[in-house]
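Encoded as structure tokens, the following chain is the form predicted alone, with no partner shown.
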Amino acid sequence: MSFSPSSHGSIPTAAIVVIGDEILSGRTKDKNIGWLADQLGALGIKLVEARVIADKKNIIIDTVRTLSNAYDLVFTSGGIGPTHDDITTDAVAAAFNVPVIRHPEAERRLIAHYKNTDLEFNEARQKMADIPDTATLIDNPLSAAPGYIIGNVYVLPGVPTILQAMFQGVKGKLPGGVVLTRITVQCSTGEGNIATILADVEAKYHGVSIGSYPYMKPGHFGTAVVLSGLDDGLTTKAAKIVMREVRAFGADADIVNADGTVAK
């Protein structure tokens, strides 16, 4: 259960698009959404939406256009490798109505990279130097093949280790916002029992949003109540009210730290 979020003002918004039939089929498990969500949250960027879509050109075009218009930043992962089903670049270029070009700097980096290996810089690998016209390259410190930025869309590979290394190179240039304060109140009762308490607190403390997430552990169950807000003092006050009201209801409730220990 999640209550309606409050407005977060000028915090930049973002969406993630994971592209790949292998993700949808279950053959490959996505590891990028959660990691990117953590990174964006630490930068004060609010992740609003994440989609997993097929390797279909029209679907990629429509998704990129829609999300690019809806949010401040869009991050894609997958589909920029050397194989026939890596069609992300063609689709992203079409979404921005620009041609795909053989990018001289991308090609130079790839030639230099493969020169020091026993692998041939063949036609398939040359494809990784094809970039939408007007795009800016994103450095790839691990395998040379660059990602790129076009408009507000950051195009990254699907391999988690490479995506993470490349993101580190751009995150300092992202338009960050104010980092939200997030406080967790762990309650030893079901969310249905405290729904009215949470709704009342959220209504009273404007600018604080509240989400409730049931959990089950050996021997007991409960609800993790997560309060988020721009104003640290207001969010902390609301969390303490939740803790007090849940205790008054008759259930245990404690504010817990990120490592799971009870806050003093």
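When you see a residue number, it is the position in the sequence shown, counting from 1. These numbers come from a predicted model, not from an experiment.
If you look for the form predicted in complex with a further copy of the same chain, you will not find it shown, but the lines that follow are about it.
When contacts are defined as a non-hydrogen atom within 4.5 Å, none of D90, V98 and L174 contacts a further copy of the same chain in the predicted complex.
The contact with a further copy of the same chain in the predicted complex, taken as any heavy atom within 4.5 Å, belongs to G190 out of P104, G169, P160, G190.
Residue heavy atoms within 4.5 Å of a further copy of the same chain in the predicted complex occur in exactly one stretch of 104-112, 130-138, 146-154, 178-186, and that stretch is 178-186. Contact check for A251: no non-hydrogen atom falls within 4.5 Å of a further copy of the same chain in the predicted complex. Using a 4.5 angstroms limit between non-hydrogen atoms, R51 touches a further copy of the same chain in the predicted complex. Residue contact with a further copy of the same chain in the predicted complex: I61 places no heavy atom within 4.5 Å of it. Using a 4.5 angstroms threshold between heavy atoms, N116 stays clear of a further copy of the same chain in the predicted complex. Applying a 4.5 Å heavy atom cutoff to a further copy of the same chain in the predicted complex picks out A124, R125 from 124-159, in order along the sequence.
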